[in-house]
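Take a look at this one chain, the form predicted alone, written out in C-alpha cells.
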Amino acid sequence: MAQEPRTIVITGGGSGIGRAVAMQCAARGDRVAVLDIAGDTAVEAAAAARAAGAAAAIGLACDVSREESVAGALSESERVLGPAWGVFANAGMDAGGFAHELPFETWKRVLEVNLTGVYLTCKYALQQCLKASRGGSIVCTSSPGAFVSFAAGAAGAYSASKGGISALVRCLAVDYARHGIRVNAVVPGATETRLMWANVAPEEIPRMRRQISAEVPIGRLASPDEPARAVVWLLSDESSYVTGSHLVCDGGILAKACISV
C-alpha cells in the first residue's frame, strides 16, 4: 500500500542541496514546505516541487537566525500543509577569516545562522511532531569541518558552528527517541552549490574546481542531487533504525590522510 503523503519542511530550500531535497521529496508525493531567506527563490522552488509531483507545496521567506521568523514560517507551514513529519534543517552560510582578524560580528552571524538556525528549526518542528504523536525524522546539515580542519584554514567560525550541529544532533536523537522521532546529520563534501564558492572570487572558481576535484578521492565535486539522496533516505522509513548518526557523503574526503605519501 502506498505511503500517505507526509509534510517535509526544508530550510535553505531555495537552492543547492535544499532545493534538490525538495524536488526528490516532491517526486515521491510528499507535501513540501520550502523555507529560504530569499522568499522569491522559496516560492519558485515550491512551484517546481508541485510540478515534480508534490501533493502540495508552499514557499516561505524565513530568516532562521530570528526566532519569530522561524516560528511564523513553521506555523504557516502547519496551517497549510499539516504538522511536519520530516525536517531538513539545512540553511547555512560561510564567512571565513583567521581568529585574530575575524570581526566578532562575523563570528556571531555565522553561529546565529548555522547553529542557532538549526536549533530554532528543530525546536518548532519538534513541537509539531510531539503534538501530532506520529514520530518523525529530522536531518541536519553538518560538514567535514565538524571533524577536521580545512587545509586552507580560516574556517574557525564555520567549523565551530558545524561541530555544534553535530553535538546537537546526538543530544536530540537521545532526547526524542522515545517519541519515535529520529534525528540524524548529513555530512556533504565539496558540492556544486552557491555556498561552495561563497568565499572564492568568480575568476578563481574554475581553478579551484580543478584543484578540489584532484584532491577528492572520487575525483570530482558532488552534484546537489547526490547528498540530497542521502537526506531523503534519512527522511524515509528505510532508515527506521538510524538515529544519532552522521551519514557522510563527501567523496572520500574524511577517509583521506592529509599527506600525500
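Just so you know, these numbers come straight off a predicted model, no measurement behind them. In case it trips you up, residue 1 is the first one in the sequence shown, and so on.
There is another form of the same protein, the form predicted in complex with a small molecule; it is not shown, and what comes next is about it.
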Quiz prompt | Any non-hydrogen atom of V21 within 4.5 angstroms of the small molecule in the predicted complex | solution = no
Quiz item: How about Y158: is it within 4.5 Å of the small molecule in the predicted complex, going by heavy atoms?
Solution: yes
Quiz prompt | the small molecule contact at I37 in the predicted complex, heavy atom, 4.5 Å | solution = yes
Quiz item: Applying a 4.5 Å heavy atom distance criterion, does V200 contact the small molecule in the predicted complex?
Solution: no
Quiz item: Where does the small molecule sit in the predicted complex: which of 203-211, 56-64, 25-33, 230-238, heavy atoms within 4.5 Å?
Solution: 56-64
Practice problem: Answer yes or no: in the predicted complex, does the small molecule come within 4.5 Å of a heavy atom in every one of P5, S77 and Q128? | Solution: no
Quiz item: If you check A84, I181, V169, A91 against the small molecule in the predicted complex, which one has a heavy atom within 4.5 Å?
Solution: A91
